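What follows is one chain in structure tokens, specifically the form predicted on its own.
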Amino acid sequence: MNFNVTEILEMPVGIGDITLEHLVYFIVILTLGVTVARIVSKNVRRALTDRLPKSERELVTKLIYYVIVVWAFVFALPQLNVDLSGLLVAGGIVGLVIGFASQSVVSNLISGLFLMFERPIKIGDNINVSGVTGSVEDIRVLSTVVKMYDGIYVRIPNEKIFTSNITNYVQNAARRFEYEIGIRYQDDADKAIRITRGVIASHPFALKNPAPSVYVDNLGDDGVNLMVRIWAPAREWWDVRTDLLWRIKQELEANGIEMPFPQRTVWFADGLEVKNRAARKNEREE
């Protein structure tokens, strides 16, 4: 008994004009789509392991999985002699309605995906976005949660973050801060610089590289102004800045170098000075 593969594939399956060949192609395309969806979603899940919480990671991977499966299903439908023109028109109308109704949601979703892959910010980073300054607590699909330094939580839509200038204070491992320290004109500026450098060198978190710098910056109205620039680990920046300022002040005062007070020298005209002396003389005589 001889089998003709062509005749077998051209056999109708009892559903309209659909043949066994059409059904096989439909199943193969759909199977390939599901397989690709599983592979892609698995790789996405692995790539996002350290970037997103588990709940957010699973949401993204499922979204990608179903998008690929739906795309494969639509691509395979013509094999069943299904006319997609009416379906596409109806789908286009529904898509327009949904798009207008949820354009902000879609924009935030896409922006969230870009943020996840570009990674300009991470959980725990200290940032400033659109006037909101604080620590990143969570990066979600639609929004990012920032805890401000006064303990207030702020939810920022991902679209706003993605389209705004982002200041990340801890992206670089080191961060610089500076002081302007004034000393009196009668104090020894070289001695003040040596003392300041010594205090900085003794601090465990003041970086040696990049090296700190201490120098006379300008001659002010009330005293000599020293500029002090110091590098510290970005995540220790605030503690180092406040601690070193107090240590420098104490050490300078312990060595007789004081901060200048505002002062003014008043000069009197000669005629006015003579009148004042005469007035004081008359008061003593009386």
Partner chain sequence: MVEAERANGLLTYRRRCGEQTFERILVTKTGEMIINPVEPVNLPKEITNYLQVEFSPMVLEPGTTQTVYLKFPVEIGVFLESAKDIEVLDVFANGSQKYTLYGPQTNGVIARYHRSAVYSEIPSVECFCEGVMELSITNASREWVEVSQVVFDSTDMKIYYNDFVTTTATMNIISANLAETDFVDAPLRPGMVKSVELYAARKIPVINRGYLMEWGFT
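The shown structure was predicted, so the numbers you read here are calculated from the model rather than taken from an experiment. Numbering follows the first chain given and starts at 1.
Form predicted in complex with its partner chain: not shown, discussed below.
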| property | result |
| --- | --- |
| The unique member of Gln186, Asn172, Ser104, Thr167 whose heavy atoms fall within 4.5 Å of its partner chain in the predicted bound form | Asn172 |
| Contacting member of Lys147, Lys191, Lys122, His203, with respect to its partner chain in the predicted bound form [4.5 Å, heavy atom] | His203 |
| Three-residue site Asn209, Glu236 and Asp239 fully in contact with its partner chain in the predicted bound form at 4.5 Å by heavy atom | yes |
| 4.5 Å heavy atom contact, Asp50 to its partner chain in the predicted bound form | yes |
| Contact stretch among 127-135, 70-78, 108-116, 209-217 - heavy atom within 4.5 Å of its partner chain in the predicted bound form | 209-217 |
